[in-house]
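The data below hold one chain only, encoded as structure tokens and taken in the form predicted alone.
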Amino acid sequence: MSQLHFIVFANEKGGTGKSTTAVHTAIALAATGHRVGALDLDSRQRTMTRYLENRDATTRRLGKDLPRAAYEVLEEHSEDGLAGAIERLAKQADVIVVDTPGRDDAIARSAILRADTLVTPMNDSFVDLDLIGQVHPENYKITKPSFYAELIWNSRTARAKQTGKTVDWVVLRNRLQHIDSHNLRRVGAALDELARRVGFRVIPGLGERVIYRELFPKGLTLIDLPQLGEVGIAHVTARQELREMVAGLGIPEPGAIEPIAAAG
């Protein structure tokens, strides 16, 4: 258990690409030699689980040995259930990727307490930014951190007291538009200001691309480009975005105990 690295994807807003990003991260890590476990805490939506089930079906159909993650959906929604699921996955993994529900949830809070890397995907808009900080309507400056930011702050403080370890909180700017605009710059400036006040890192996530929605039925990811048939420059560019995002998370190398310091 001491070598496990927990990556927890958490955001109380839906529609941020959280589950898609979590699955892509899990498979990208598996492709680089990690033994990956994936734990789906949303027993109603089960998006991560269905994605990985689709992947297993495609693997069998193609007869290919694709990178995979062991996975489980949390059926027993309790502290004991969470501990049991982690214990089972830990037998097969050195990294566990946890996908939490897009709502406030007591077990999700418990998972956040275990996080070594906490990832909050957000769309690049003031609507999503409001989850972690309130913005002045005229000058777009941060007026105060939100309830969610305070929740994460308290969770990180509790973990530090319990284990002596710090939590690397990473905010992903998902669905970045590939055009420049005043709004994008204002969101970016507000995020940078809030990052200094609250203590998270900001890295680019996954862009807004149709390909992500098309991959789900087959359970494939951008790591699997050879299985996609004809691919274009957009696919290659998106795969590079994924690789840069995973590198930006700064996850330990396979077998390492202490995390490698991430740039920035």
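Numbering starts at 1 and follows the sequence shown. Note that the structure is predicted; figures quoted are calculated from it, not measured.
As for the form predicted in complex with a small molecule, it is not shown, yet the points below apply to it.
The small molecule in the predicted bound form: contacting segment from 57-65, 38-46, 193-201, 230-238, heavy atom within 4.5 Å: Within 4.5 Å of the partner lies stretch 38-46.
The small molecule contact at Pro252 in the predicted bound form, heavy atom, 4.5 Å: Judged by the heavy-atom cut-off of 4.5 Å, Pro252 is well away from the small molecule in the predicted bound form.
4.5 Å heavy atom contact, Thr120 to the small molecule in the predicted bound form: No, Thr120 sits far enough from the small molecule in the predicted bound form that none of its heavy atoms falls within 4.5 Å.
Partner contact for Gly133 in the predicted bound form: the small molecule, 4.5 angstroms, heavy atom: Result no; Gly133 lies far from the small molecule in the predicted bound form.
Contact test in the predicted bound form: Thr25 vs the small molecule, heavy atoms, 4.5 Å: Thr25: no, not in contact with the small molecule in the predicted bound form.
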